[in-house]
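The same protein chain appears twice below, in two forms, each given on its own as structure tokens and labelled structure 1 and structure 2.
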Structure 1
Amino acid sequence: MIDFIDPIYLLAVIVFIFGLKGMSSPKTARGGIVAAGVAMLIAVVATAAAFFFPTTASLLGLSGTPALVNLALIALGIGIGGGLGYYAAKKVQMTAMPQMVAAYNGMGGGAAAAIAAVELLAGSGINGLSVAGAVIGSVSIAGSLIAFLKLQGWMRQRPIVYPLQQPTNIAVLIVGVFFGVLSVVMNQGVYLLPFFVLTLLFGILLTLPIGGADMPVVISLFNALTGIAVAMDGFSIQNYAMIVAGILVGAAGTLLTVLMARAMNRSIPSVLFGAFGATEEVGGSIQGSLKPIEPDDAASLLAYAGQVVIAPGYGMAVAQAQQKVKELVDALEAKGVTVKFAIHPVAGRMPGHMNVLLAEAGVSYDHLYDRDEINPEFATTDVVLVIGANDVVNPAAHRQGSPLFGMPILDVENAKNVLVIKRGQGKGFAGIENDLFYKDNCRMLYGDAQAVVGKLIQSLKTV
């Protein structure tokens, strides 16, 4: 009975692994997260219970039952943090999910850094590992918060660049780590202040030059980093649950980061150091003009098409247009038109972003096609309706010298007609002019995606 904590941690870790496994298939995904949630609850409750059994508490590195005030603070902290986290996650709009993941990931990184700080102040853990956990955790929280601010639009999304950026950043990191090592060697807590200030600053500086288009990759990278920071803390305080769960997330998160970067044809170093979207393309002048079209004319094009492919992007998410889009699909199918969705892996702000929104609106899986499946079909498609997507349909990706060159795109330009719903004449997230909009077979529908799709549905009724 006394040594219950390690068996329970072992059980929790096993359930985490199966939970993660479950989350990698649509059928079992929901069961996966629920199982992981139950395991987490049990691990937390068991840890709290362990505090009251001196022998078990000593296994966690405690010398007896903690002081009452500490126990009260733990309960209060869980109450405040848990309540706040749950409330915000339930209340936020679905479109804001990417930045919420960034924010909660930052919280995890911050917790890891703070744990390391306590260990360093108290001198109780293994100090070298605590310093490593603190560095990685600090970078993760600071970077995640910048990513949150950029995605939330509270901060300029374009890369922020300045001269000698990389050398400056590296210098900040080196000096920061130096103070961390100094605090351990000299056993002086006072050096921890510049240590944390500089490592947090490094996290901010690292993220500033990264443009909005690369944010999903960066959030995924910080997610992996938080996992590693948690594992470092786990080593420091000898907690196997933290070690295994941390490394598990570190490895899975790293692979996920690579998969995402590959989908965008970007390498991790170029994401981190490339300042993608900061520079304008020079020389590539575009032929043609932007040609608007009335909703009535667009509706008749759609109504008499054999096959319509819809290519959604972030604009659909911003306008909350997914429900209207579903209505449009129903209206078109009632007229005997085949409707398919072309889902670019990185359309929106995160891989799978479009799938989530369309699922929310009730569009079934079998309507969704990924890039490789749908690209050969565009040549035989009558109308492609681009809803608020830009960079992922930009044929500039096929032109050498363009900043987008090499990125796999949806080749919607091959369709007979292309209709583009777009808020205004601005550029895409990457800040690059879109050749597609100037093609002869392309017509523009300006306006908020939800309003425009609403008009199309109205017009369809009269066709």
Structure 2
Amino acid sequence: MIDFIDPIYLLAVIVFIFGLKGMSSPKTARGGIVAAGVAMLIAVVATAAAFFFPTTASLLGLSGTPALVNLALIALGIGIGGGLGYYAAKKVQMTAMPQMVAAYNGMGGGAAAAIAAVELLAGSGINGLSVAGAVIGSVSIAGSLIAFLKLQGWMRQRPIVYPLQQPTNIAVLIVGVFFGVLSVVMNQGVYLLPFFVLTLLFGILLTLPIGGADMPVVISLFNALTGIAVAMDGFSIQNYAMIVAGILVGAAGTLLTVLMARAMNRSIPSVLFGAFGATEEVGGSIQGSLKPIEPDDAASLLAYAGQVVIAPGYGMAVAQAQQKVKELVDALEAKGVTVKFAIHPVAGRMPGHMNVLLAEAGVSYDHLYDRDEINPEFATTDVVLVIGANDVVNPAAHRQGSPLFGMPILDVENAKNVLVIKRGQGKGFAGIENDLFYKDNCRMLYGDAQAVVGKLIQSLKTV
């Protein structure tokens, strides 16, 4: 009898690839996500059919599938997990999407670690690959948990450092892996407890010294680790769908991690081990003063501009100001002003954070320009409106000796006028004073971004 399980898995993999391709562009991302969901459904249904309906599976040729026990618990787990996932997806605010992505990355890594644990306890599969999958999955879920806590504001967002941090982390990892190898060599499950405790601890310790400024890179990295862990498990239990899907996620996540690091002119090791932002910059050569402006005067500048470029950042997300920003865009375009958005690759707390928020508010993709596209236009732009962005618009990146030196930024300082909406005079996540705020062409609009943009909209009506 022909075994149809592998062709069904192959179909799922093909749909996965189309889904991943769709996610490469904001215009097709929604369709890509739907395709990936359909692919996962195909794989799950095919596997479930073989497990839960062995007679039907046999008729379809889904032979050779091992029997499962505790089917009621499995069904309960699927129901609870699916229900919670659906509820969270419907209720979570777009501003909290980075936390949700971090949490779901971790869940995937945790699932991979759990599969590896079962294989190690049963003594089946390829034990070396199971140990590797367990290590990577444990690091992913523990690190993602810390990333979630930092993003949610339930833990200090700046790097947490202590003496001999890296030697301690390496020692924890080595001892943890030793217990994992020992469990395989001695074929004793008792060694798995210290193995998982130490690998989970390593994931926590690895993430503690990483600050909020590096969270886009960290989220991408743990996404890649989850994919690699799944692929390792797939090789161990010889499940081709897991192998290919894991490799796709791992490769895509790795590429995205590298791109995010390059966007900050940083290396992956410096992100993981550099504790960037642990201490604030001292000294510097900033000259000038902060110059506030009233919303009425700022609205006049915007109304009589030929082109306005809006540079959003994390402050816009925190204030949930994207809807007001869309209203501002409509008001300006009604007056004949050309409006564009300058999107830095690491603005916000996850890759594409600003794109997601603006899309939710109904901003057309045609308004969005990445850093390389928009930077040449700043010199001829009448007004740049910076909304809650800090490090990604800091000209200190051009100043020799600054910790930001060499980081590609949005060159908003070159515009004729710069308006900055900011809650206070604090520094960004990198702990670096922003040279832009002291420039002669820069004015400060202090307050919550949503409230300030609302005042701008009202003032525009009288201009």
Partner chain sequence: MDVYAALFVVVLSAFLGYEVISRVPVLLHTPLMSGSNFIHGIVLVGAMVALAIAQTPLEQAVGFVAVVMGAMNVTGGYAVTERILAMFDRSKKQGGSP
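Everything numeric in this text was worked out from a predicted model, so none of it was measured. Residue indices: 1-based, along structure 1. Heads up, when I say rigid core I mean the largest set of C-alphas that superpose within 1.5 Å between the two forms.
Both panels show the same chain in isolation, but it is structure 2 that comes from the form predicted alone. The two forms, fitted on the rigid core, differ between the two structures by less than 2 Å at the CA of Gly406.
With the core superposed, Pro395 shows a C-alpha displacement below 2 Å between the two structures.
Annotation: Cα of Ala451 displaced by less than 2 Å between the two structures, core superposition.
The shift recorded for the CA atom of Thr28 between the two structures is 4.0 Å, with superposition on the rigid core.
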